[in-house]
Ligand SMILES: C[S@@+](CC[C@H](N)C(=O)[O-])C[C@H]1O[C@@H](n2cnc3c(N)ncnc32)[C@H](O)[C@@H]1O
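A single chain, nothing else alongside it, follows as structure tokens in the form predicted on its own.
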Amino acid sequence: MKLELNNIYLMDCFKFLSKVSKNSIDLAVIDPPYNLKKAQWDNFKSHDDFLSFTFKWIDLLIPTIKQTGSLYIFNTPYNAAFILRYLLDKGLIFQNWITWDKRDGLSVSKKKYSNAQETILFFTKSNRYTFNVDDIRIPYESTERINHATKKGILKNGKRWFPNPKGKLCTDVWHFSSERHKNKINGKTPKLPHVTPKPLDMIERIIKASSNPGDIVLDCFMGIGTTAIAAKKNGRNFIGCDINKEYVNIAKKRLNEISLQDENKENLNNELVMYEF
């Protein structure tokens, strides 16, 4: 069976990754199980079983990534420590330990600090990798100071510094609200079709930073298709899988909706062109 681009396959990650061509993937964005017992697919007998599962799919994933490719893996900070060590042992190059400040307010603990973050590990195959730094700049925080600097600059080390019109450099601490908080209805968080969906704008940041238009983005735990949608919206190809049939159906429906929106925009633009004189 030959896998086609821009498709999401209903199969487990091991079968899927074994069919992906070696050295074909420019960017892998992986949001795997965390072993937090949130669903059947996130439930393992022990932490050792979880790590065995995790290292198995990592072993299959690494050969599919180009030498110029990048890899992002989501997980808890605790699990990420084990994954980081494993990726280093496999010869991958560590770039960042990204902290996602979820601003969720869900976790409450009275015996330790409440969990309010997740970890995103950013690794590359080599030092020859894509990183579009200007595409992911973020707004400056001190608007009054920046407005002043835009006109007259700020003297630093004998040189006059002017702010970049695209914003400041993106740091390794990311502030994105969780999807359940973004979709509140009358102040209440609704039940979502997936228990742990990632924010689309956060996945878009990764794709913009670590791939170029036309590149191939892989996600072997595709869920309801957020990575595929982010790739499609930004002119990248995607390929992925999920073991849950309901998730795959939802993902394909979301992708079809994006395609229809694009088609309607194109038709509207064509109509406008027809009426230009």
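Numbers follow the displayed sequence, beginning with 1. Note that this is a predicted model, so its numbers are computed, not measured.
One more form of this protein exists, namely the form predicted in complex with the named molecule; it is left out here, but the text below deals with it.
Asks: Quick check: do 11, 33 and 196 each get a heavy atom within 4.5 Å of the named molecule in the model of the complex?
Replies: Yes, the whole trio is in contact, each within 4.5 Å by some heavy atom.
Asks: Counting only non-hydrogen atoms and a 4.5 angstroms cut-off, does residue 249 reach the named molecule in the model of the complex?
Replies: Result no; residue 249 lies far from the named molecule in the model of the complex.
Asks: Taking heavy atoms and a 4.5 Å cut-off, does residue 50 contact the named molecule in the model of the complex?
Replies: Result no; residue 50 lies far from the named molecule in the model of the complex.
Asks: Residue-level question: is residue 60 within 4.5 Å of the named molecule in the model of the complex, judged on heavy atoms?
Replies: No.
Asks: With the partner left out of view, is residue 64 within 4.5 angstroms of the named molecule in the model of the complex by any non-hydrogen atom?
Replies: Result no; residue 64 lies far from the named molecule in the model of the complex.
Asks: Only one of 237, 234, 244, 68 has a non-hydrogen atom within 4.5 angstroms of the named molecule in the model of the complex; which is it?
Replies: Partner contact (heavy atom, 4.5 Å) among the options: 244.
Asks: Given a 4.5 Å distance limit between heavy atoms, list every residue of 209-226 close to the named molecule in the model of the complex, or none if there are none.
Replies: Result: 220, 221, 222, 223, 224, 225, 226.
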